[in-house]
Every structure is written in C-alpha cells, then in structure tokens.
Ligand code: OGA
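For reference, the chain that follows is the form predicted on its own, supplied as structure tokens.
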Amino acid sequence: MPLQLRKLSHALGAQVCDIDLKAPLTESTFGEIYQAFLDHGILLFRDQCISREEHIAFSRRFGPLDQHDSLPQDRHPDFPELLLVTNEPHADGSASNSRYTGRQWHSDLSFTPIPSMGSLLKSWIVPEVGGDTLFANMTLAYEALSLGMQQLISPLHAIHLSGTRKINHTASGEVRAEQQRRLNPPIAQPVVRIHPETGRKALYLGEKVRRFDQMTAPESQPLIDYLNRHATRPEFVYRHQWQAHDIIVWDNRCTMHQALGDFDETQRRHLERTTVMGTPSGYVVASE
C-alpha cells in the first residue's frame, strides 16, 4: 500500500499517516519515507509512543548519528545520540542548560565542519498551549530572490557561531567563552548550498551568523538581516503545534527552524533530538 501523506502547509511539510514506528519498516516503505523527506523537507509522525532505543534505531535509517560532542552539556546521560531540549531542572534543582535551545532561526550544527544532514525531534511532554516550532523552506526562499541577488550572494561565505552557552558552570565568563571557542571555533559556510541529493540551491544562513568572511560585521549585517527576513516570510514557513509523542524529521540542508517561547514556563516541555551527520562543509576562520 502506498505511503499516505497529508500536506502540512503550502511551503513545506507532510504528515506521514498510518505508520507505527514500533513496527518493523521494510526497505521499500522506508524508501518511500525517505523520498517524501526529500520532497517535503519535513515529515511529521503523530502518536509515536516509542522508546529511546527505537527513536535512535529509526534515526539511523537516515544515516550515521552525531554523538553531540559539540554540545556535551545537553546530551542525554545514557544516550549520547540524544540531545535534550527541556526545561526540566537538574537533580540539584538548578535550571536546565537547554531550556532556551533553538530560540534563534538556525540550521542544526551549522557551526561545525560537518553540519547536520537531518534531525529527528520527539516530544515527550509539551505545555498546554504554545512552545511551537517554526520551519522555513530555504530552497523556496532562494528561488524567490532576484537573479541579481542570487549572483551577488553566490560567492559569499557566512561565519556561523555556536553561541555563548555555558560549558563549565564554575568557571568565569571569560574561561567559559574560551572553552566554547575551542570546542566550536567560528565556521564559514557557503551562503548558497547545493543540496547533494536533489541538486536544488538553498540559502544557508540564520541568526547565528554575524558577518561574511572577508567583510566586517557592519558591512555584512544589512544583507544578513535582509536575507533572514526574506527567508522567514509567512509564505515560506510552517508552524508546528506540538502534541505529546510527535516525531518531526527535517532536512537541515534546505530548511531552518526556530523554537518559540510562547508558553507558560512553569509547565514542562521535554523533547529529545537525534542528529543525522551530514557531509563536510565550510572552513574554520581565525576569529569571529
């Protein structure tokens, strides 16, 4: 029986219907899922009451998984393949490191030399309302640019930063910043990436970009701001309202996303992500 799909929005996304990820998937069925992934950019699987081991096993069908060495403070203590996105406090009562994860528009691991090919995020506990995630179709955004703008940005490389997340809670701010720089030095990525499987061009930016390589931040910022605003126009975006036990898989090579803080933070929000490794891209730059 052919895969049953329901479009999520005009811009991107499809829900895969009548699939139970606890059941074995044939190579033929997974082939249809993978083609839908390439065609739609993001896929939604509802009501997937699967274990962490099953989440990891399904994710591996898409490719090798990252062990999240670039984000060690956010890994699951027993499963390094799982990255925690949670506002649940630590056992000692201290605030979660990842409670504000993803609040900027970004593509996963763009700040590393091997950015993610895809991500699979499972919701365990969600607030009553809010805590939505936005996804943008970066291929449509690129194709909507004028020919002159496409030619202007084609040779540019944008410098992606990992942010200022805490690595060592006891160290000074200066030491933490230095640890972050050593762990994730600034990476210059092409502003226009060619998808290795579809051959289509897509913008590759986000709000972790501060400047273009060989340009200053003041020179770069107006164009970066314009491209980010352009890429996140409503006609290129899908807004996902989470339900418990959703799984969303998205293609980081042609989408970017943003988590919204539009919920009561006294309510629990706990999600876990696997990250499928991609291919080498970009290069390390000497400074931000």
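All values derive from a computational prediction rather than experimental measurement. When you see a residue number, it is the position in the sequence shown, counting from 1.
The same protein also exists as the form predicted together with the ligand; that form is not shown, yet it is the one meant from here on.
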property: In the predicted complex, Pro186 touching the ligand (heavy atom, 4.5 Å); result: no
property: Close approach of Ile153 to the ligand in the predicted complex, 4.5 Å, heavy atom; result: no
property: Contact flag, Trp250 vs the ligand in the predicted complex, heavy atom cut 4.5 Å; result: yes
property: Exercise: Leu140 in contact with the ligand in the predicted complex, heavy atom 4.5 Å; result: no
property: Candidate from Ala136, Val209, Leu121, Ala202 lying within 4.5 Å of the ligand in the predicted complex - any heavy atom; result: Leu121
property: Interface residue in the predicted complex among Val192, Leu82, Val85, Leu161, criterion: non-hydrogen atom within 4.5 angstroms of the ligand; result: Val85
property: Candidate stretches 227 to 235, 36 to 44, 61 to 69, 252 to 260 - the one whose heavy atoms come within 4.5 Å of the ligand in the predicted complex; result: 252 to 260
